[in-house]
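Take a look at this single chain, the form predicted alone, given in structure tokens.
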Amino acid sequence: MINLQKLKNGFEYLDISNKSAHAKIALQGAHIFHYAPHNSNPLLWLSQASDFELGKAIRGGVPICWPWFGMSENPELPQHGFARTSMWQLSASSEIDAHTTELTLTLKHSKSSLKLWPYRFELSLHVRVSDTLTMELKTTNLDEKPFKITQALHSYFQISDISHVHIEGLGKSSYFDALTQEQYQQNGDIEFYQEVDRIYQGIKHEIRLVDIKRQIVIKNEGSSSAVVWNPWIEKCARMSAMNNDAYRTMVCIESANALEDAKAIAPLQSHTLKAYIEVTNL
């Protein structure tokens, strides 16, 4: 079942429910801000202080960073691009069976987007809601010249406590540390004792976020980079739409095309970034 819901301030989102899971997707940003299989607590973390207002990015869920990840070369442009605060259209939906719902949301170039980024494009997010969550972000170049993008499905995951989790699957991978601006090699699993902001490169295997009673498995296609982020104490206290202790119950593992994994797309060609997410009990 798919229902269009509207908050009192006019903010619209899609409420999706079937026999396997429940999800919510904002039309602004095609932003999945809730997903939970019926036998599990929510997989996605959502800030209790998050704004649900037009023009403001939601803190939590899966923001879409596009057509650039992080800051643009022009500091006057919005961080993480404009897709996450743009209004998308629901272009297709289907109840595949009692356990599976599929939706496609689209965003196309406009007068306002062309002022920020001078290319014609079509961006689509295909979402499959079942006992697993699948997201496919497809970029099509409708322009007469090639363009290059960096991007991310900026997934915030709900955890029991940051001191109880670790991340497997990135051992021996190289990463760029955004805090020190240095390149390092990962040795073993990732644990959290301080702020972490890293872009891992050359990713070939699934990534596992292991908690006390469950693990979340992330599999990516069309990507060889992933971002791991937790703001820790001081940065969390400074951030907007985030309670001071929020860092304890969230960690981001972002499916990305970043740094040397940036994608050049020729006219009339496409690139798809796909993330497949499932939860298993331990």
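All residue numbers are counted from 1 along the displayed sequence. All values derive from a computational prediction rather than experimental measurement.
Below, we refer to the form predicted together with ligand TA6, which is not included among the displayed structures.
The three residues Leu125, Lys219 and Lys274 each lack any heavy atom within 4.5 Å of ligand TA6 in the predicted bound form. Scanning Ala26, Val227, Leu43, Ala246 against ligand TA6 in the predicted bound form with a 4.5 Å heavy atom cut-off leaves one residue, Val227. Proximity to ligand TA6 in the predicted bound form, defined as a heavy atom within 4.5 Å, holds among Ser110, Gln183, Ser91, Gln79 only for Gln79. Proximity of Asp143 to ligand TA6 in the predicted bound form: non-hydrogen atoms within 4.5 Å are absent; the residue sits far from the partner.
Ligand TA6 is not drawn, but in the predicted bound form it has a heavy atom within 4.5 Å of Asp197. With a 4.5 Å cutoff on heavy atoms, Phe69 counts as touching ligand TA6 in the predicted bound form. Ligand TA6 is not shown here, but in the predicted bound form it comes within 4.5 Å of a heavy atom of Tyr156.
Picking from 159 to 167, 102 to 110, 185 to 193, 80 to 88 the stretch near ligand TA6 in the predicted bound form, with a 4.5 Å limit on heavy atoms, gives 80 to 88. Shown here without ligand TA6, the chain has Lys235, Met239, Glu254 in 235 to 261 lying with a heavy atom within 4.5 Å of that partner in the predicted bound form.
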